[in-house]
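Presented as structure tokens, the chain that follows is alone, the form predicted alone.
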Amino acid sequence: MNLKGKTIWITGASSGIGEALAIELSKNENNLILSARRTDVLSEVKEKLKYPERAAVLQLDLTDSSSFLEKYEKAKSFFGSIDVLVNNGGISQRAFAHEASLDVDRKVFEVNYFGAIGLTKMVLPEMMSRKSGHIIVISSVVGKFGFPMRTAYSASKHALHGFFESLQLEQAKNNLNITIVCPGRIKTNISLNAIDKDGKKHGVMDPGQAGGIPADVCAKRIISAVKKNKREVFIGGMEALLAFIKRLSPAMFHFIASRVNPT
């Protein structure tokens, strides 16, 4: 897809991969709608863009699905129709299944899964009618395999794959493209903002996360994959190889994954 000049709505744009994508996409003279819960931080991101005048800030809480229609209409009011939706907003988890409450599992799914498909259902009808559009889904390598202390997180990402792979098959006739991105360890604040067994902030930078791929490098690879209309892309270090090891040798995958430090 030729992204130049397109109107792109990015959720989770206040930091990490979302912020890096906004900065990179601004170089292509895109119209950007930056969404997250905190508008003050989004305004700071906006000022980092090459063309801040071509960006708008739109407050969005992915747990409040009742507001999605209103937010979608507001998003369209800035620059017109949405050409690309980036479902990036999400939350991670650092808790063992037997310790985490069901409320924690529900919160992870509400943000990661229902938030993404809820917004997608908003933009989908118009994309279908004009037979053009691209949806980018930021999943995770653990959307392809399970991992300790990520039970709800991994499950929510698996669910995204099931939904969006099915949607891609449904919408092929309408020329709609979907790219599912599976990042491994990217250097962001995702572990700091992850929730623990009680739903509180983990507040710790995991060593693996701290040594991960820079967010701007990840963003460049995502944009490259979207331009090539790739349906799925893996971005990461050795951890990304686990998805392929699992496919080739489930026993070897289990041996390795059960011994990897989950932090």
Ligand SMILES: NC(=O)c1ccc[n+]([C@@H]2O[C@H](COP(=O)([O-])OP(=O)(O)OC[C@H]3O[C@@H](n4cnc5c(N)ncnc54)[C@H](OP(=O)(O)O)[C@@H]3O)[C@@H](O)[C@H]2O)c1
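Given the structure is predicted, the values throughout are model-derived calculations rather than measurements. All residue numbers are counted from 1 along the displayed sequence.
Omitted from view is the form predicted in complex with the ligand, to which the following refers.
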Subject >> Heavy atom of each of 82, 133 and 227 within 4.5 Å of the ligand in the predicted bound form >> reply: no
**OP:** Could you work out which of 104, 127, 190, 122 is the residue within 4.5 angstroms of the ligand in the predicted bound form, going by heavy atoms?
**Re:** 190
**OP:** May I ask you to choose, among 57, 219, 195, 62, the residue with a heavy atom within 4.5 Å of the ligand in the predicted bound form?
**Re:** 62
Subject >> Candidate stretches 74 to 82, 96 to 104, 163 to 171, 176 to 184, one within 4.5 Å of the ligand in the predicted bound form by heavy atom >> reply: 176 to 184
Original post:
Is the gap between residue 113 and the ligand in the predicted bound form 4.5 Å or less for some heavy atom pair?
Top reply: no
**OP:** Indicate whether residue 138 is a 4.5 Å heavy atom neighbour of the ligand in the predicted bound form.
**Re:** yes
Original post:
Taking 4.5 angstroms as the cut-off for heavy atoms, does residue 38 touch the ligand in the predicted bound form?
Top reply: yes
**OP:** Verify the contact flag for residue 17: yes if a non-hydrogen atom of it lies within 4.5 Å of a non-hydrogen atom of the ligand in the predicted bound form, no if not.
**Re:** yes
Original post:
Taking the ligand in the predicted bound form, which residues of 63 to 90 have any heavy atom within 4.5 Å of it?
Top reply: 63, 88, 89, 90
